[in-house]
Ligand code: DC
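Only one chain is included here, represented as structure tokens and corresponding to the form predicted on its own.
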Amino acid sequence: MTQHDSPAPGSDGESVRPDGALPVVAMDGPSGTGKSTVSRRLALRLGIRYLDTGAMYRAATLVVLQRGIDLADAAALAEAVAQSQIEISTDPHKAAVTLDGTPVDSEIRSGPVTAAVSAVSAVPAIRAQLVRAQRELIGAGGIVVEGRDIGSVVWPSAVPKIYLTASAAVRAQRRAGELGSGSDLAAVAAVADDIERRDRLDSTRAHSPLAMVADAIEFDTTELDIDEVVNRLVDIVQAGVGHA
């Protein structure tokens, strides 16, 4: 698994700490909190790279669905993912995920992938593969990394570690909007049920569960719009890396 279309660390506009190190910003939290939009915009504002680790797990899930592998067969799932070539861009201007050379940006957001991704993500051997790839992509830093175990497992030395939250109702409404369901009450209720299911699975899995680490900054986005969230996070990140 390799990155591509990524600006070089230390490029113009990139946030650099006084000691010359480049920041690694960990952005964790459950679905519907605005992680993806906020993380991408934060990376753009800071002039650094962006990595959506969830997209990597979704691509792995697409692999096993395309091959018709039983989700209960952990060994077969891990072998299929290991045999596949998943590439992901870390350029915040251009999200791109390819599977064996084929763009799959739309496919990984499909209903079947969303329904199966928690099960695939819970396989320890798959998590080990993808965590290694994520650490390689992070490299020397200069990146905002979003996911569910960034501050706890992937990059525990990240500064700062942000944990985004929002009320259950707002999370469901936001997610339904992303899916094009708008304010349809039945659709929002269905999304709320799916979010609750994924939260339960992700929080209770044995390996790398969704959890807020002790030194993370909890950030509730319920009453804030995207611009307000990003503005506040820019201040937090710059304070953490020595900027005024």
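Given the structure is predicted, the values throughout are model-derived calculations rather than measurements. Numbers follow the displayed sequence, beginning with 1.
The same protein has a further form, the form predicted together with this ligand, not shown here; the description that follows concerns it.
Stretch 51-59 is the contacting one of 214-222, 38-46, 64-72, 51-59, since its residues have non-hydrogen atoms within 4.5 Å of this ligand in the model of the complex. Taking a 4.5 Å heavy atom cutoff to this ligand in the model of the complex, the contact residue among Val81, Val97, Ala166, Val117 is Val117. In the model of the complex, Arg109 approaches this ligand with a heavy atom inside 4.5 Å. When this ligand is considered in the model of the complex, Thr90 lies well away from it, no heavy atom lying within 4.5 Å.
Though the partner is left out of this view, Gly147 does reach within 4.5 Å of this ligand in the model of the complex, counting heavy atoms only. In the model of the complex, this ligand lies within 4.5 Å of some heavy atom of Arg127. Within 4.5 angstroms of this ligand in the model of the complex, the stretch 192-226 places a non-hydrogen atom from each of Arg198, Asp202, Arg205, taken in sequence order.
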